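Listed next as structure tokens is one chain, alone, in the form predicted on its own.
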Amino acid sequence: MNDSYLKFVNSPFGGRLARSLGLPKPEVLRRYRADRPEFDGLVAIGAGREPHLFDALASLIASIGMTSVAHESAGLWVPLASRHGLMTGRFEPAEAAAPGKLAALLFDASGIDDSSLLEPLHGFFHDTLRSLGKCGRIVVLGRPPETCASPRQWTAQRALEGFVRSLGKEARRGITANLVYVEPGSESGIEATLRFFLSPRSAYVSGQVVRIAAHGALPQNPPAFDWRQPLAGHRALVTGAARGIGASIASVLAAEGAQVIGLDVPSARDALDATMRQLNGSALAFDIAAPEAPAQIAAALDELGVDIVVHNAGITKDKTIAKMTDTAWQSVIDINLSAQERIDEALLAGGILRDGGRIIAVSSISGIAGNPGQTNYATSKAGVIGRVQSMAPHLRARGITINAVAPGFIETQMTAKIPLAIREAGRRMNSMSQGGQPVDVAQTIAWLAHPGSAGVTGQVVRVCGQSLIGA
């Protein structure tokens, strides 16, 4: 679906009119394209007191081909920058005003253990934010508050969430800001997550907090993979794959090297077959709400097994609670939530989902913030979040991760049917002032399915452009 306003204000005439009338001008987001470099440009790195992750950050930036400059916001760590051959210095206001100078800002806050030591955050971003280019990236790294040794450290680290979310709402111009909490001992597992948040793949993911777990959740001898096709040799089941977001998920996973098995209802068989043919995948036509469906799916996958399961299938039947029928309530709960439980139970019990596998479920910001007329839908999507959080500890012993994505307003055939005024509100009520694309959800799922994301589990990541609704 096209956003006519976005196109208009980014035309020469529309841009001039928007400026003269003071209208909002959403940025055309830079999304991943295979024919363009994924990483390029200059990265400014800052840090608080005694940063723990600086070596990993500097090495990563060098490995992906970006150039780093270290900001002199804390003299104690300048020797670390020198060891990596990084230039250090304080950005002057005139220098900071140069548009497009920087592609990304990284800040290592992992050593901040007292609220009185948060000042370097202000110093770094005060000096550098104005020189961050359009569609730039901001990533702050810290330690999970619940792993902190003292109440003061917990307090200081928890404060980072408010800072990053506010920064994301201030930055505009298609810039994203995210916080990554790195548990001590998990430093070797941060690369896939940082690559995602630094790349155009995360164009519509902002204001998010992600935790990377320690090595207890990681395989002892992780298999080698190619960053260009990290899912090569993996089999992925995607439900609701015939069209829309599901088809986009299947396409991105296939581009990453996965062999995709698409599943949808029998009535969508023609569309499903067409989608899978384009991806050299295979199709399964089952109604996931049917009692026999879990056994049928397990039998179809049993011979070769599966490494990735994406629960995307879902329906809406919107009515206020007073007008909602029993059937409308139960069918939404059954398809959006209970079917996921039954399918996973069958695949896990039979060992069909292999150890080290990935389960990724599609939730919604409705499951976080609620929505009038969607008590059934919001209940089901909040239940998906509950599944992810409750199942993660149980799957850890097998090295299986389980996560959810929670899309906001995504441009699909479903949202195209929303009345114009409500549709425009959904598009504009986020930090990007626009709706997302199905590929934004798909790219986030591909990151969670990545072999390098083994430390990310029990997480709910919103793909909503930092929607103003919900936490």
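Start at 1 with the first residue shown and count on from there. Everything quoted here is computed from the prediction, not taken from an experiment.
A second form of this protein, the form predicted in complex with a further copy of the same chain, is not displayed here; the remarks below concern that form.
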| said: Using a 4.5 Å heavy atom cut-off, which of 198-206, 256-264, 269-277, 149-157 contacts a further copy of the same chain in the predicted complex? | reply: 149-157
| task | Please run the contact check for Cys135 against a further copy of the same chain in the predicted complex: heavy atoms, 4.5 angstroms, yes or no? | result | no
| query | Does Ser248 reach a further copy of the same chain in the predicted complex, with heavy atoms at most 4.5 Å apart? | reply | no
| query | Hey, in the predicted complex, does Gly357 get a heavy atom within 4.5 angstroms of a further copy of the same chain? | reply | no
| request: Determine whether any heavy atom of Leu347 comes within 4.5 Å of a heavy atom of a further copy of the same chain in the predicted complex, and answer yes or no. | output: no
| note | Assert contact residue (a further copy of the same chain, in the predicted complex, non-hydrogen atom within 4.5 Å, options Met391, Ala298, Ile175, Val306) equals Met391
| task | Can you tell me which bits of 372-392 touch a further copy of the same chain in the predicted complex, meaning any heavy atom within 4.5 Å? | result | Pro372, Gly373, Gln374, Thr375, Ala378, Thr379, Ala382, Gly383, Ile385, Gly386, Arg387, Gln389, Ser390, Met391
